[in-house]
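Take a look at this single chain in structure tokens; it is the form predicted alone.
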């Protein structure tokens, strides 16, 4: 049922598309971004953030995509690796940061040494937990930060009370949660392969490799060196509170299918053409392991609470 628009001009909440976290074939990536240009997303993040061995797209490819995104009236941001382990990865990081045409999302603080005080975004892998860290990064040029996914409403409220004027806050609002990074590749280990001889097997799992408990319940997803939640994190039911807090952007993390549909659901709810409950019901169709929002509400991350008339009732998946 249509509702009054939540997204008033005074509290304009923008939609951001996070970087692709998975290893997809080159043509799939290019087709994906061509489709995203036709969606009502405002900001698009580009780049490899998980594993430097995934080289089907080069920096030049991401720069070309960024130019197309800018020409379409959207904001491109170049994302960097979350775990730097070698001199070669540092050289790539330096090269990405040296191009000053596009805003950089720093997912490892090593990027700050190459940005020379330019404006930047910090991704969810940066441990920005308190106002002292926020103030330090603002002095270094921070323009926007993505809240670490394990934090929730309470921390967001505290940080937004003390943020300097003009600094934006972005929330990871939809997608499998990136929980941890390791020097070891668990997807390769599952195939009895070493990380050095992984054979790029993660390309066989376009949304990660599902891990279930002994009872058969979905628990985690393996994505190379990254461990994700099996459930899909969804903050759509909390949208009114998020807008009231003064959050600036909602991040939708790409999945191999239905990402454009998911963006349009969020846009319809923001416009008042769909209520959050109706939007969440639609999202269920595209989340085979269910939805969760426990970190936002201060409960176990795997739990979910659905908003009914702004009253939250617990429901564990």
Partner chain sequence: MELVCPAGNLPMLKAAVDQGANAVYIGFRDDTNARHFAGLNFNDKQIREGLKYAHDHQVKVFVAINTYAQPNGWERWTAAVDRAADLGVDAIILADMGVLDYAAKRHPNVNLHLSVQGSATNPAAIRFMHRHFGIKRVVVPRVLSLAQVAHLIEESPVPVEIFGFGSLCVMVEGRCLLSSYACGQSPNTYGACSPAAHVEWRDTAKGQETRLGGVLLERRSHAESAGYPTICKGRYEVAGTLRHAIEEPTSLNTLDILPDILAAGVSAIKIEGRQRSTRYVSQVTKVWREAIDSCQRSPQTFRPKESWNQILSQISEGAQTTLGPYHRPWH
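Positions refer to the first chain, counted from 1. Remember, it's a predicted structure, so these values are computed and weren't measured experimentally.
Below: the form predicted together with its partner chain, not depicted.
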Report task. Sort through 77-85, 96-104, 164-172, 239-247 and report the only stretch with a non-hydrogen atom within 4.5 Å of its partner chain in the model of the complex. Result -> 77-85
Requested in this report: Check, residue by residue, if 44, 145 and 255 all come within 4.5 Å of its partner chain in the model of the complex, counting heavy atoms only.
Outcome: no
**Report entry** residue 207, heavy atom within 4.5 angstroms of its partner chain in the model of the complex
**Finding:** no
Requested in this report: Evaluate residue 229 for contact with its partner chain in the model of the complex, applying a 4.5 angstroms cut-off between non-hydrogen atoms, and reply yes or no.
Outcome: yes
Query raised in the report: According to a 4.5 angstroms non-hydrogen atom cut-off, is residue 71 in contact with its partner chain in the model of the complex?
Result: no
Query raised in the report: Any of the heavy atoms of residue 121 lying within 4.5 Å of its partner chain in the model of the complex?
Result: no
Query raised in the report: What are the residues of 243-258, in order along the chain, with a heavy atom within 4.5 Å of its partner chain in the model of the complex?
Result: none
